[in-house]
Ligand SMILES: Cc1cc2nc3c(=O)[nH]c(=O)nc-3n(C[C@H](O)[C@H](O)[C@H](O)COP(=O)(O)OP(=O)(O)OC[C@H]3O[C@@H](n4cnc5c(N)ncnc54)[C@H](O)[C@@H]3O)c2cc1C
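Given as structure tokens, the chain that follows is alone and in the form predicted on its own.
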Amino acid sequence: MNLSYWEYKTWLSNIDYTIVGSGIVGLNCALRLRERFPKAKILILEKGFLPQGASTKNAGFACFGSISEVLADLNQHSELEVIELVKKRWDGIKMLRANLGDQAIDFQIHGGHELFLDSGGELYDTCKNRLPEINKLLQPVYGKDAFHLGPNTFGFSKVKEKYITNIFEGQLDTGKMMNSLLQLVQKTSITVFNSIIVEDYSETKSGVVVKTDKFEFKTKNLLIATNGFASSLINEKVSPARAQVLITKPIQNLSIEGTFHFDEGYYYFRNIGSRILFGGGRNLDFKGEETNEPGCSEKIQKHLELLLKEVVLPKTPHNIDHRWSGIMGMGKQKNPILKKISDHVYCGVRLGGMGIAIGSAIGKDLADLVE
């Protein structure tokens, strides 16, 4: 790009902090940096014209972990580690709500419900039998029993008569959440450049030289918040994971309300007003969905349509209105990677599909790494 003297001097010189990624983590990081360093020059670079990962493309679940997920985590982690994982999500949602306000993000609590397919009797029995144990384990986080058995009041098909509800889980409007964050950032004289791809960087004694697809510049500090795209810039184990979603056209007299999931969380759905958003199916093609390319596959979309018709809306006529996908950052460990990489480079990535729950806190913690 042929930059003028004015362009370079105004926007690309004497930069104190450059954040790569304008998702939940990146924007919260910028806000915290502004709080810590009121006079600093802060720049955010985003590869898409909107956040390219999952921040504007998720399902809007304010969730902390279903009972089957908690049980699965207990097979891989200590009880203390599992409590801490859930607490991070709990605290993160509280931070998000406090920062933006419930009205601004259309936050609603209708419970998070785990359905169990008729074919999954063993998992259902295990979760039901261990329900009191898990409630007791997570009492320090929630303050009272979170999980309860409830009847299939919405008429879902091919599932057990009861599902297990986390009464504290809620839902929000993803677009309103991200728009509110962007507005806060813009009010604090933080510059956001969209459609800029960071290709590489090199560190010097005094800072970092950043090379993009359009220009090159210097910054004193570089903070990487690209989650599923992180491995293209840093040597950390973050695997991209594409999540596919569809949404129906408005459905007359829709009674379904809340967030729902089944098959160990690989499928999830919720109401958005009188529509149903339904997503998942990554387990049908793990290798194929380990990609940072947007788009939808016919195999997964057809299966989502089938499950929507047979399980979620078995007696309700409906039509699909829109489809999309988002890119998450996953790893073998549930904990995110939050670290100082070198003297002037930091990262907060690998959110494991829990960006809404922990993104605000990770963004703040990333900014607090800077000395």
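A residue's number is simply how far along the shown sequence it sits, counting from 1. From a predicted model like this one, the values you see are computed outputs, not experimental measurements.
Just so it is clear, the following notes concern the form predicted together with this ligand, a form of the same protein that is not shown.
Stretch-level contact check against this ligand in the predicted bound form with heavy atoms at 4.5 Å: of 137-145, 228-236, 121-129, 153-161, the positive one is 228-236. Though this ligand is absent from this view, in the predicted bound form it lies within 4.5 Å of a heavy atom of just one residue from Leu308, Ile67, Val345, Ala59, which is Ala59.
Contact between Ile327 and this ligand in the predicted bound form is found at the 4.5 Å heavy atom cutoff.
Within 4.5 Å of some heavy atom of this ligand in the predicted bound form lies at least one heavy atom of Met354. Interface residue remark: Leu45 is counted as part of the site for this ligand in the predicted bound form, having a heavy atom within 4.5 Å. Interface membership of Ile197, defined by any non-hydrogen atom within 4.5 Å of this ligand in the predicted bound form, is confirmed.
Residues from 2-24 that approach this ligand in the predicted bound form with a non-hydrogen atom closer than or equal to 4.5 Å are Val20, Gly21, Ser22, Gly23, Ile24, in the order they occur in the chain.
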